[in-house]
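One chain is shown next in structure tokens, namely the form predicted on its own.
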């Protein structure tokens, strides 16, 4: 009988990531905000593909759409595509060295930004400009320390199981 780890700490991380995405920042700092939710979706989909996948990415995306007031489904579709690609290649991605993993995350974040850019263009919404792409760069730069932090959470969940404190 296999012991399945508790999932609520994962959702605490996801709620924190969503909260960090909607916290107001001064205008000049807005382009420097990393895509927190996309980073968290990539990590948890890569590490626990059977527990966190397309459905969870869709829920996170719809939540972001409602909180941002964007076109309903824009973030949901973008995060679902990123989650699908991560699920599809998670076994290969997990064994990459850190530099290659960071480049893969950069590509996934760029796909996320491009899908949002494309949906905005189709819907006739004005583009966010260069800020959307600087967020991708910042997210890739922050990937190694954020991955280390989420690894610690994952290890705590796996070692403590249902007694997670």
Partner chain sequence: MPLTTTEQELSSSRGTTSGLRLTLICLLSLILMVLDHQNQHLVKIREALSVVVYPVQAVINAPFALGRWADENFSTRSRLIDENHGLHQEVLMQGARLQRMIALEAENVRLRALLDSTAKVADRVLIAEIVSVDMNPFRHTILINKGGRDGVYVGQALIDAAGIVGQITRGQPFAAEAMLVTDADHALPVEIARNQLRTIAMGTGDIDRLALPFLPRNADVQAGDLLVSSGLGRAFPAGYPVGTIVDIRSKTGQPFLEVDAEPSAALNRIREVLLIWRDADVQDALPDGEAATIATEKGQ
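Because the structure is a prediction, the values reported are computed rather than measured. Residue numbers count along the first chain shown, from 1.
Just so you know, the form predicted together with its partner chain exists too; it's not on screen, but the next bit is about it.
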item	value
Proximity of residue 47 to its partner chain in the predicted bound form, heavy atoms at 4.5 Å	yes
Partner proximity in the predicted bound form: residue 58 to its partner chain, non-hydrogen atom cutoff 4.5 Å	yes
Partner contact for residue 149 in the predicted bound form: its partner chain, 4.5 angstroms, heavy atom	no
Partner proximity in the predicted bound form: residue 87 to its partner chain, non-hydrogen atom cutoff 4.5 Å	yes
Interface residues of 80-100 toward its partner chain, as seen in the predicted bound form [heavy atoms, 4.5 Å]	80, 81, 84, 87, 88, 90, 91, 92, 94
